[in-house]
Ligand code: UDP
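We begin with a single chain expressed as structure tokens, specifically the form predicted on its own.
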Amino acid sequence: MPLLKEYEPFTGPQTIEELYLLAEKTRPRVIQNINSTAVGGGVAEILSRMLPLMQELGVNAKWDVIKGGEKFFKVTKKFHNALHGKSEEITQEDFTVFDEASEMNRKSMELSGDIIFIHDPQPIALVLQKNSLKAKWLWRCHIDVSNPDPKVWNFLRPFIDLYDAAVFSAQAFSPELPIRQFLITPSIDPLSDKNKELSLVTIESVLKKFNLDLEKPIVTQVSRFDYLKDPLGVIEAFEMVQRHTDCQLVLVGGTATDDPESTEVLAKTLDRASGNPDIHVLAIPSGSDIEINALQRASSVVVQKSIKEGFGLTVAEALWKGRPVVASAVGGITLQVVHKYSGLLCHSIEGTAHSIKQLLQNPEYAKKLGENGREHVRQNFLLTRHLKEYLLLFLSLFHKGEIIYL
């Protein structure tokens, strides 16, 4: 794991100094993060990069994961989709499964932080332990809840109201609540294996490993296999582009232990792609960060055709590598892609196809968008900014109304 001083070339020394000043004020507190999986997905990725930096700063931060069986994670996946506004059949039995797993976790999990930092809906009911523990409770929602299914939202709302504060990624996701709210966007680590600079030799070796044509333009989407990431729509858009431009499509992603739907989506994607030798569906294991990095860097265009999106770290990853991005104008993507400045936003399969074709046929324009995108990420979406805002958040829970001087 990199040391904080290694981030200075991206942030300047003042940012690092500010982190140490804030950490000094935070050190008496124990921060306990809790989510639903240690591997796969943006939450686990961010926590795995952020906690070592907190610990380097002397902040006592730890991370625990709840337990749950297949039934529980099927239900929470339904909740996830429904909170994004997708139609799901939610039954009373689903709520019962959720309640039973939540009770099991409340009995088995040791809660020992001064701040209990709960990430997303899966562990949300742990807050029922609030009265037995002198701690501040934070709920971090990484989901676009701008138009949630009322049945699921109303089920979760009594838990949310018990928290001391909630954190959302964008103002559009922020509902009316009786508790304090904070807006903090996610981030990427520029020094992680997924985002660090790679040699041309490494990039070409990865392309050869996956039998990709080194001479043919590559269009890539990196996402777990999820209906809300719309891999079938990406294929349809690509085939429209393919009629005019000789290119190849790479759909690369993996699965998460708390997402049982991904296997089904992968199977449908493989079936839809069969018969087209220029479509490569790559289901790679968790931890294949160098491979993802290389594929993004080798791409002429990176796509993120999500139907709903809380943030979409893969967009920031691609922009950081100077790649032109074509993405759906949904959720947190619109914070990252400024239309015609740091990428192209679209609203349909046809619009996606048109934008991809435009960038493939105009490489100078594509290059300019990529350059702008990298600078936009440097200024707004690096891990050090995220860490600073979390430290300020933690302090605000104990210093309400006070001014914190840096």
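None of the values given here were measured: they were computed from a predicted structure. Throughout, we count residues from 1 along the sequence that is shown.
Absent from the display: the form predicted together with uridine-5'-diphosphate. The rest refers to it.
Heavy atoms of no residue among 219, 291 and 297 are located within 4.5 Å of uridine-5'-diphosphate in the predicted bound form.
The partner is absent here; in the predicted bound form, the one residue of 133, 284, 128, 240 having a heavy atom within 4.5 Å of uridine-5'-diphosphate is 284.
When you look in the predicted bound form, the only residue of 253, 190, 121, 332 with a non-hydrogen atom within 4.5 Å of uridine-5'-diphosphate is 253.
Although the partner is absent here, residue 305 is not a contact residue: none of its heavy atoms lies within 4.5 angstroms of uridine-5'-diphosphate in the predicted bound form. By the criterion of a heavy atom within 4.5 Å, residue 313 is counted among the residues contacting uridine-5'-diphosphate in the predicted bound form. In the predicted bound form, uridine-5'-diphosphate sits within 4.5 Å of a heavy atom of residue 224. Heavy atoms of residue 229 reach within 4.5 Å of uridine-5'-diphosphate in the predicted bound form, making it an interface residue. From the list 57 to 65, 365 to 373, 27 to 35, 40 to 48, the contact stretch for uridine-5'-diphosphate in the predicted bound form under a 4.5 Å heavy atom rule is 40 to 48. Contacts between stretch 164 to 194 and uridine-5'-diphosphate, counted in the predicted bound form as any heavy atom lying within 4.5 Å, involve 194 alone.
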